[in-house]
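Just one chain follows, in the form predicted alone, and it is written as structure tokens.
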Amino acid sequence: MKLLPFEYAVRNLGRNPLRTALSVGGASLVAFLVLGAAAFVTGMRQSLAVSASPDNVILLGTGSEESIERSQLAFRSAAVVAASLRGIRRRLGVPYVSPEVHVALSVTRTASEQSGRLTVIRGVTSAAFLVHPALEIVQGRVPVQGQNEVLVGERLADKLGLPPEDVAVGRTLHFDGQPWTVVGRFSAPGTVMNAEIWTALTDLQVVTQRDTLSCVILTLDPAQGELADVQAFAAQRLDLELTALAEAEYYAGLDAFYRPVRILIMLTAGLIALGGVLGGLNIAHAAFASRARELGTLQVLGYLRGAILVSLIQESLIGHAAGALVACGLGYALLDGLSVRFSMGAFGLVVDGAVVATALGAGLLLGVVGTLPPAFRLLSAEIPESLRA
């Protein structure tokens, strides 16, 4: 089968600039929406996956395996674990055991504000910086116990919907009816911690009026300890009512919990893309209908209908590929790293190679699917009928 020259498809794009612009614009819109949905899904999944350290184990209250905020442990649990369990990583004799309190409280900028945004507040000791290696203090210092001081994550401003200067070092935030001074900022890229507020463990216990812990996080020495050892210890100490989970397992459970949200986002993007396909069908049908005589003439010249169909698909793919590339460029410039709030904090959209490939694939698929129905309809007509069009 003799094919039409590739230059024929390229030159046809310039015959009707308005039609070409509509085709490229429609492809850009669909590819941009698909890219945004894929970036959202990728960003959420990566934030939950990166939050877990491979050697970390979380001790939670029995029955609260799905939520740290609902968990309650005896305050002595951390000391008992550090003294009784072998295989815990140590540095200069200090065990990697972090007692923590996690609560979600409404945070406001001033005391007069009636309502704020729910934000995860984490009460910690100095051991928290050992078991969370992804965290780094980038400005200021660690909160001092008894001074109502806090350390804030880099994405806290996005979580609260405030300008970054409102959560800068030296500013004051309010939660639980008390003012708290920001004394430092930390960075934990790609993790849910990056939108949290950290303060001294005892300070948070005082304001929340609780004498229990939410969890104990410990880091195992791979050469000496295993998760099974921690689980056996938790099973033996019935008085502590502990459940041991690998940190990766806990965040995998959260990832599964948010799966319906990701599915809904992708379905929405798919429905919008379907609307784009239907719109593309109308544009393609109108464009090809005006070229019925041209297609009939090509058949008179000896070109088979299959060769003409290939040329029409080439023409459509060039325009849609250009639109998809424009969408990928805009998406990388506008969406990559853009903060999105969700119940646990905030995460950044991720525009990586897989996301770009998904958007490009959507644009090219739109070019093929939007071309075939009107092309088949016109090419199925008899040659005299096409010449009289």
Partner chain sequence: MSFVECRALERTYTRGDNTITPLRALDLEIEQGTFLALMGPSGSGKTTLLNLLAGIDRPSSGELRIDGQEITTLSRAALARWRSVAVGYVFQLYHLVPVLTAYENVELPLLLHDLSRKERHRRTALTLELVGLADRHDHYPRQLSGGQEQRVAIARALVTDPQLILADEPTGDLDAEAAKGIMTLLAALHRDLGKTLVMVTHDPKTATFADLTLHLEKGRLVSPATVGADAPAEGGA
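For the two forms, the rigid core is made up of the largest set of C-alpha atoms that agree within 1.5 Å on superposition. Note that the structure is predicted; figures quoted are calculated from it, not measured. Residue numbers count along the first chain shown, from 1.
Not pictured, yet referred to below: the form predicted in complex with its partner chain.
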Contact flag, residue 302 vs its partner chain in the model of the complex, heavy atom cut 4.5 Å: yes
Determine whether any heavy atom of residue 12 comes within 4.5 Å of a heavy atom of its partner chain in the model of the complex, and answer yes or no. yes
Wondering, does residue 298 line up within 4.5 Å of its partner chain in the model of the complex on heavy atoms? yes
Since only the chain is shown here, I'm wondering whether residue 293 would be in contact with its partner chain in the model of the complex (any heavy atom pair within 4.5 Å). yes
Proximity to its partner chain in the model of the complex (heavy atom, within 4.5 Å), stretch among 215-223, 116-124, 143-151, 304-312: 304-312
Between its partner chain and 2, 8 and 383, in the model of the complex, does every residue show a non-hydrogen atom at 4.5 Å or closer? yes
Does residue 210 move its CA by 2 angstroms or more between the shown form and the other one when the core is aligned? no
Honestly, after the rigid core fit, is residue 379 moving at least 2 Å at Cα between the shown form and the other one? yes
I want to check residue 255: does it shift between the shown form and the other one by 2 Å or more at the Cα, with the core superposed? no
